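What follows is a single chain, given as C-alpha cells, in the form predicted on its own.
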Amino acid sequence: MAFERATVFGGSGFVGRQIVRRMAAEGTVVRVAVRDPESALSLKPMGAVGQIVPCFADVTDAASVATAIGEADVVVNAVSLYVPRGKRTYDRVHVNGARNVAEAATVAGARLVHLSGLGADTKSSNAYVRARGAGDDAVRAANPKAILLRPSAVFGPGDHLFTALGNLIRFSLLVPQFGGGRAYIQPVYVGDVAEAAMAALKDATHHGKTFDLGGPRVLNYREMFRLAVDMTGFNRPIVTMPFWVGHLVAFFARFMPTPPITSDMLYLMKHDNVVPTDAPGLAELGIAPKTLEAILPTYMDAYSRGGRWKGARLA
C-alpha cells in the first residue's frame, strides 16, 4: 500500500531521511518539513523530479505545521532536540511541537507516526526524558489513532553512537567511560526504525498503538565501547571516570556548536534503556532487526586502523 502524499517533519535528520528514502521508493510525493529547507535539498535525488519537496516548517509554530501538512495522507514527526538553546527548549519542541503536529494531522485526516524514545516518562527527574513522556501524552490526547514509535539508542551511518566513538578512538590515546558503563541499552538500526514507521502506517490495526523498538542484542555501555574499539583495530584502553568528571566536561562542551557530550547524555548512561519483554515491538511489525555486527562494518571502516572511507551506505 503506497501513499500519494506524505509530510515528514524533521525529514533531513538522522531517522527522518531514511523514512523519506523509503517513501520515495514507493512512489509517494514527500514534503520534507524542516526549519532550513536548504538542508533537505540533498534528499531530492532520492526520488524523481518534483517527488521530494523541501519546505519550511517549525513544529513550535502551529500555522507553519498546518501549511506543511496540507492534504497529506500520512504524517511523520521525526523531530528531535538533544541540545536545548534559547527558545528551543525540550518542552517547546517535544511537547508543544508534538501537540501541534498531532492536532494538524487530526484536522487533515492524515495518519500519524510520532517518533519518541524508549523510557519516555513524565515522572522522570531528567528534563529530556520528562518532555518526551509529556509529548507522548500530548500526541495521544490530540490524535488517539497516532502510532508511537519509541526506539532505544539508534545506530547507523552518521549516528551519535558509533560514529562519535570512532572519531574518539582514532584520535585519542584512551577512551573515557563515565560511571563504569554498567547501564544496559538495546541499540536498534536506523533502517529498521524507518521500516517500522512504514509498516505501522500501512496496517490500520496498528493505529493507536505504541511500539518499543530495540535491536537483537542487549549490552551495557562498556561492552558497546569495547565493540567499537575492536571494530577500529586501535588498542585503546577504556578508562573508567566518575560521572562528575563527565558533567564537568559537559558544562564546557555546551558552548560548542555540536557538543560531544551533554548532561542529558550522562543521565541516560546511568539508566537501562531496554525494551520490556511484554512490549509490542519490531516483531509485531513484521521486522527482523539487523545486528550490530552486520551493520557496523559498513561505516566503521572509516575509523579503522589503515581503513579507507567507503562511504556511508545502508545494508
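Being a predicted model, the structure only gives us computed values, none of them experimental. All residue numbers refer to positions in the sequence shown, first residue = 1.
What comes next is about the form predicted in complex with a small molecule, which is not displayed.
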Check your understanding: Does each of 35, 117 and 151 have at least one heavy atom within 4.5 Å of the small molecule in the predicted bound form?
Key -> yes
Point to revise | Interface membership of residue 75, the small molecule in the predicted bound form, 4.5 Å heavy atom rule | key: no
Point to revise | the small molecule contact at residue 132 in the predicted bound form, heavy atom, 4.5 Å | key: yes
Review point. Contact between residue 82 and the small molecule in the predicted bound form at 4.5 Å, heavy atoms?
Key: yes
Review point. Does the small molecule come within 4.5 Å of any heavy atom of residue 299 in the predicted bound form?
Key: no
**Study point:** Contact segment among 274 to 282, 253 to 261, 45 to 53, 26 to 34, judged by heavy atoms lying within 4.5 Å of the small molecule in the predicted bound form
**Key:** 26 to 34
Practice item. Note which of 128, 211, 225, 178 lies within 4.5 Å of the small molecule in the predicted bound form, where distance is taken over heavy atoms; exactly one does. Key: 128
Check your understanding: Among the candidate residues 140, 88, 202, 236, which is the single one with a non-hydrogen atom no more than 4.5 Å from the small molecule in the predicted bound form?
Key -> 88
